[in-house]
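The chain below stands alone, shown as structure tokens; this is the form predicted alone.
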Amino acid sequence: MTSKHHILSYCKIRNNTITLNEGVVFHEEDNSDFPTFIKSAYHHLETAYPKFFKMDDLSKLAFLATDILLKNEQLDEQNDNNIAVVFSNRASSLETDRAHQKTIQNSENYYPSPAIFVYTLPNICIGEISIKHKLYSENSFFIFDNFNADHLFDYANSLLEDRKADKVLCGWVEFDANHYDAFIYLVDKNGSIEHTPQTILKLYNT
């Protein structure tokens, strides 16, 4: 299957390592937990977005991967904000759901937290990204058993062909019980990497 669209760049966050395209931009040697790792990465990469620390872990994961990718593209926020966002994962917002459940399960110590509850939908991470980068186009968050390259390919192409977006930010952002996996890529009419399901799957698995 061929496509007239292309992948401009891609970012991965896995195993205490962040890569942009084929290069490592941050790596932590020790086996630190996710909160420690993502905080270190945030400071190292000079993200400078204080609200980051109020986010849940899924949002931090998606936000940082996207921020690295979009800053690398050096987009003009005034003219390059028609970017759709299409994310997916398997666990939805399960990790935050567990945290929220702990605040309400004991009737004698009932303390539901609005700060936690607001993140009990997985698409909230898209909202955080859209606010930071002033994105005003369509967005969707899908739940699949496994990474679904065919769906991401079809959906991104549909948005571009129907002119609902100039670019599409796609990917997989999974966080569950300290297991994390982010793979975000940007689709455009131009670029050096052909946008096909086979290529998407290869980049994800590499």
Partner chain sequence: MTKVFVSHNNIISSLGFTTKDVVEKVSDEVSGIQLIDNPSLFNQKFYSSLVDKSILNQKFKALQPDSEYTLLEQMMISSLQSSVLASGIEIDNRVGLIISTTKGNVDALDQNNTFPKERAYLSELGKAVASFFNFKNDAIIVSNACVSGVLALAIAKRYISQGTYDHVFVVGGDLVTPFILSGFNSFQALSDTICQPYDANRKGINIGEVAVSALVTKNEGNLSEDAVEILGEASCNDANHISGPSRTGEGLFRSMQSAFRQAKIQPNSIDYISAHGTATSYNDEMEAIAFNRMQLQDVPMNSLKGYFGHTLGASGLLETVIGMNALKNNMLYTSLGFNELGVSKPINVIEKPQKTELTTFLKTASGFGGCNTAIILKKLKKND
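Definition used throughout: the rigid core is the maximal C-alpha set that superposes within 1.5 Å between two forms. Residue numbers count along the first chain shown, from 1. Please read these numbers as outputs of a predicted model, since none were measured by experiment.
Keep in mind that the form predicted together with its partner chain is not shown, yet the notes after this line are about it.
Would you mind picking the one in D33, E161, E29, E46 that has a heavy atom within 4.5 Å of its partner chain in the predicted complex?
The residue in contact is E161.
Just to confirm, F141 within 4.5 Å of its partner chain in the predicted complex by heavy atoms?
Looking in the predicted complex, residue contacts with its partner chain include F141, since a heavy atom lies within 4.5 Å.
Quick one: is N72 in contact with its partner chain in the predicted complex, heavy atoms, 4.5 Å cut-off?
So N72 does not count as contacting its partner chain.
State yes or no: in the predicted complex, is some non-hydrogen atom of F37 no more than 4.5 angstroms from a non-hydrogen atom of its partner chain?
Looking in the predicted complex, residue contacts with its partner chain do not include F37, since no heavy atom lies within 4.5 Å.
Contact label in the predicted complex: H151 to its partner chain, heavy atom within 4.5 Å:
Taking the distances in the predicted complex, the answer for H151 is yes, it comes within 4.5 Å of its partner chain.
Sequence-ordered residues of 26-49 touching its partner chain in the predicted complex, heavy atom within 4.5 Å:
Not one residue comes within 4.5 Å of the partner.
Has the Cα of N79 moved 2 Å or more between this form and the one not shown, judged after a core fit?
True for N79: a C-alpha shift of 2 Å or more.
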